[in-house]
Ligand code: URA
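Encoded as structure tokens, the following chain is the form predicted alone, with no partner shown.
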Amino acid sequence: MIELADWEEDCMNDGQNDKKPGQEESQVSGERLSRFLAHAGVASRRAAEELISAGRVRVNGVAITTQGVRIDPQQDEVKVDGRVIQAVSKHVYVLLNKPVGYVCTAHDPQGRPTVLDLLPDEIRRLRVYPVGRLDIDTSGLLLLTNDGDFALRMAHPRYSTEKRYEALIRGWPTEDIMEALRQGVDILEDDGQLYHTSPAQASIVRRDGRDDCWIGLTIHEGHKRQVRRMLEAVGCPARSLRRINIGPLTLQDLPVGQWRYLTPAELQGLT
């Protein structure tokens, strides 16, 4: 199963310096071999690259040890350790209302429940994986698919898919706080570097009891824990956070923990 970090890195690097041996850059086509292996569920992309480097992958009978080679999944025969690898034949697109307490990965070393646990076996057998991530303590709209091109497109910064969140905070934010969120704030990333977020849409949604309120934030980026870190930066840490939109998609009346397929119209609206 493909790991999320692999896909995020793949989004940034896909198509760079990849070609068949002796092929000019303008003629590059097909699918990267390591990505094909990841799509087929052989291993994560990084592990697939290690298989290639070790000479364990053959294409049309020829051992491949060079990274970046592209293949035609419909024409080329790919084997790993002598076993023929089949391309995914059926693409599925799933919208899930993720509950708090589930992690967005295929397998968790700590034994925590994963979002795949919420899907039936017939969907899991198609090797779906999450598009992007929601933190374990964040709920809401999550997409899963086995279509690598769709996943890359949705995650790639150049397509700037809007994502809307609602956050429960203590108190009532001042207009200065709301304007800071709209203009962008400095957040501290895991590597210790400061990142200034892009402008966001920010609004007060409604009160919650006497002392708390829900605010809405719409962003185009996907930095780790970005919304939580933005709210912490302005002194309004999120007590609860949920994603309610990705582009035109909404949760509508989908209960927490439930899933459904995307409709053809919804899929067309995203692509």
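What you see is a predicted model, and the numbers here were worked out from it, not measured in a lab. The numbering used is simple: start at 1 and walk along the sequence shown.
In what follows, reference is made to the form predicted together with uracil, a form of this protein that is not presented.
Contact with uracil, judged by heavy atoms within 4.5 Å in the predicted bound form, is confined among 201 to 209, 31 to 39, 222 to 230, 45 to 53 to 222 to 230.
Taking 78, 154, 134, 116 one by one, only a single residue has any non-hydrogen atom within 4.5 Å of uracil in the predicted bound form, and it is 134. This chain appears without its partner; in the predicted bound form, the one residue of 161, 138, 97, 197 with a heavy atom within 4.5 Å of uracil is 138.
For the chain shown alone, residue 241 is a contact residue for uracil in the predicted bound form, at least one non-hydrogen atom being within 4.5 angstroms. In the predicted bound form, no residue of 100 to 114 lies within 4.5 Å of uracil by any heavy atom.
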